[in-house]
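Next up is one chain by itself, shown in structure tokens, the form predicted on its own.
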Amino acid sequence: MSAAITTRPPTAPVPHAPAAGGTRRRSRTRTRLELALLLTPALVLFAGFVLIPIGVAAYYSLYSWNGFGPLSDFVGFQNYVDALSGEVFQGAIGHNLIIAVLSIVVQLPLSISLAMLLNRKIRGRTFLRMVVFAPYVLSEAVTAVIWLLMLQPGGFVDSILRGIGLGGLVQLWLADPSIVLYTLFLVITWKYIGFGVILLLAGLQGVPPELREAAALDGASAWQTTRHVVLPLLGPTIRIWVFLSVIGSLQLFDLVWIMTLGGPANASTTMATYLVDHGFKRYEFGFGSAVAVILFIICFLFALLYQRFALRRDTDGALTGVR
């Protein structure tokens, strides 16, 4: 018997599919190139206008230098020791902290109250919002000059108080060391309260009205609804406001410098006015650079700690890593 031999027709070679690993590598490479292209200009500007000046200031702070001639008198960390041990600079740090605490204790409740009021459907709501926000639009220099004229002895504020029968409250608002800092805080509040109100108004837009209606149907009062529904949902906005307010209080300069120059008797000196006074008016650029570095470190440490313990709950899950 002969075995039957069968033949199969030749088949065309099947092309190999590209490896999945190679596709992923190309995708990652393309993503990294896009990120590099988009981030490089911003990183260059950040390095040129932030990192390099900080490094130069830190270098200058190690010298006793009046701004003229070469850097030759190396003193190490003596400028830092002199600044931190000086009573005036310690008082300046205290003044910044007082302003920061008062901002949270006074401005935050006031901003929340005004924001909730202006969030209601009332007549003239748009006009009232504009009135509240208008002072924030003014520059610090204009605000300082306006209030400097109004708070002069016999000025507009004194005339108003005497006109309504409160002449006994008239004070040397900017010349009394015991009240000058609190007078400045009132001006700061007038200037920046509008920013907090607008920020919180934006946060209130994200509170679903259905939650308030549900709370009302469950028998919750207006205060209970605000406390247990509205304020928790405003938490991220409030935390952002607190961060901006504290950083602004630590860097306070313009209003204080124009209105009081840090006086009288250093009663309103802040870290920034102390820096400018020593660095530019007294030509102690090395010492002033040390004060600038200290101010930067304080703000940087606060930002890190606040991010770690306060803002982290808001950013967890909001950012996604690039894979």
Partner chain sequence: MRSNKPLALFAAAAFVLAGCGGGGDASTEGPVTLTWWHNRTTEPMKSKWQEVADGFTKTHPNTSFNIEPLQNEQFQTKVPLALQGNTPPDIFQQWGGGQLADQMKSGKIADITESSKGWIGPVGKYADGWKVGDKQLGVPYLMHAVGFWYRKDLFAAAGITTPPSTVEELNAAVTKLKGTGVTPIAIGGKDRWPDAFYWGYFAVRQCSVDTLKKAVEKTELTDPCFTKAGENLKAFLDTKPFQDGFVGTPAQQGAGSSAGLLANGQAAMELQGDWNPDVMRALTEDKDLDSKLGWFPFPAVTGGEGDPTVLLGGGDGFSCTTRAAQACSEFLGHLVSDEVQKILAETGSGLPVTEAGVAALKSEAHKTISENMSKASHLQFYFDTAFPTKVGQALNDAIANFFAGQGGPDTIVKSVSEAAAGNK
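Numbering follows the first chain given and starts at 1. Here the structure is a predicted model, which is why all the values come from computation and not from measurement.
One more form of this protein should be noted, the form predicted in complex with the partner chain, which is absent from this view; the next part is about it.
When the partner chain is considered in the predicted bound form, Phe300 lines it closely, a heavy atom lying within 4.5 Å.
Contact check for Asn79: a non-hydrogen atom falls within 4.5 Å of the partner chain in the predicted bound form.
In the predicted bound form, at least one heavy atom of Leu148 sits within 4.5 Å of a heavy atom of the partner chain. At a distance threshold of 4.5 angstroms between non-hydrogen atoms, Arg26 is out of contact with the partner chain in the predicted bound form. The three residues Tyr60, Ala175 and Ser289 all sit with a heavy atom within 4.5 Å of the partner chain in the predicted bound form. Taking the partner chain as positioned in the predicted bound form, the residues of 38-59 that bring a heavy atom within 4.5 Å of it are, in sequence order, Gly48, Phe49, Val50, Ile52, Pro53, Ile54, Ala57.
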